[in-house]
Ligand SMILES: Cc1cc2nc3c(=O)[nH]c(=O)nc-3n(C[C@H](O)[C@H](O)[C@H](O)COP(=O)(O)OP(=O)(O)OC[C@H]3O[C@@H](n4cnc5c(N)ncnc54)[C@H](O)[C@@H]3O)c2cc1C
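What follows is a single chain, given as structure tokens, in the form predicted alone.
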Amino acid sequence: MRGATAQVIDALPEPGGQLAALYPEKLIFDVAGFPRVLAKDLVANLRQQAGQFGQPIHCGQRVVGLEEADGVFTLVTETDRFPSRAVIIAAGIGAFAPRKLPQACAEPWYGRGIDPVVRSPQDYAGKHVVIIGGGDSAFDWAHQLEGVARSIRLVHRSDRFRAHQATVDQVLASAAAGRSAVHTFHELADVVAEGDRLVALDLKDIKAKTTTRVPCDVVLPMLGFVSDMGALLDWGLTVEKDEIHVSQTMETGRPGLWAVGDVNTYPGKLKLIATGFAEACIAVNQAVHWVYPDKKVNPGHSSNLAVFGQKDD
């Protein structure tokens, strides 16, 4: 919108980060203008919105280095080089992958009974589903798959959950009414199969040391994910716990580099998509002013921008 060229470099095979890769079917309720929206639909709308400006998105490009010479940065990937006058880091949690179940019995069943990512809720229609975890994803899917799956069981090693209380209350109410089940202080003990098909799980009560067998067609391990900050750690930034410290203008402390979204931190930080949008706006306009000092930081309202046929900014 500010008349500057831009390009996106993404290690994933498609744009959308965690929304596309981990939670495409998850409902989001706090994005302005959408009473509710599926993560994959939000990504599709964002791609359409960005696409009207014709700037390239380079997917499958893992950044391995950053060079700087004569006022130009060059992002180096495993296969290409991308020069730019400014860089905005929107790397989320870095390169990520779902955290796997620690039990050795689970490993052979990934991709054929254990699904670390839910692609479509309808894949579980009429099936016995066991969800392992105690965070937002575990409780979100326990709630959303009710009425789709034949049965829902949520398994967690304690009775303390990391999910939003409203969702926890909904799932516990469902269990109390007999529509689902919640097994606290339990963990996976073994996988039971008939031929090449997973048919049940043995769950161990970690207090009583007893084992219970439950029917299971599909396991959804919702244990979070492991991440890797990769080359970012070598860019001379202040990084703590995989987060880049920034100022209120999203500056990293290295001139020409800004950081937005989950990858940054500052006093009062809120890790929400809604605030991530605002951080991106701040960083973009700071970067435009950095590259073109004659352009004001404040862009004005979009309804007045020249790029949309209105008066110049």
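Bear in mind the structure is a predicted one, so any value in this text is a computation, not a measurement. Position 1 is the first residue in the sequence shown; the rest follow in order.
Same protein, other form: the form predicted in complex with the named molecule, not shown, and the subject of what follows.
A heavy atom within 4.5 Å of the named molecule in the model of the complex is found for one listed residue only; from Val168, Val218, Leu232, Leu203, this is Leu232. Residue in contact with the named molecule in the model of the complex (any heavy atom within 4.5 Å), chosen from Val43, Ile282, Ile28, Val288: Ile28.
Residues placing heavy atoms within 4.5 Å of the named molecule in the model of the complex fall in a single listed stretch, namely 268 to 276, out of 268 to 276, 49 to 57, 66 to 74, 240 to 248.
Residues Arg62, Ala95 and Gly261 are all found to lie within 4.5 Å of the named molecule in the model of the complex, as judged by heavy atom distances. At the 4.5 Å threshold, heavy atoms of Pro299 stay clear of the named molecule in the model of the complex, well away from it. At the 4.5 Å threshold, heavy atoms of Ala90 reach the named molecule in the model of the complex. Taking non-hydrogen atoms only, Leu305 never approaches the named molecule to within 4.5 angstroms in the model of the complex.
Figure legend: C-alpha atoms of Phe225 and Ala44, shown here, are separated by at least 3 angstroms less in the model of the complex.
In the model of the complex, the separation between the C-alpha atoms of Val239 and Val226 grows by 3 Å or more relative to the displayed form.
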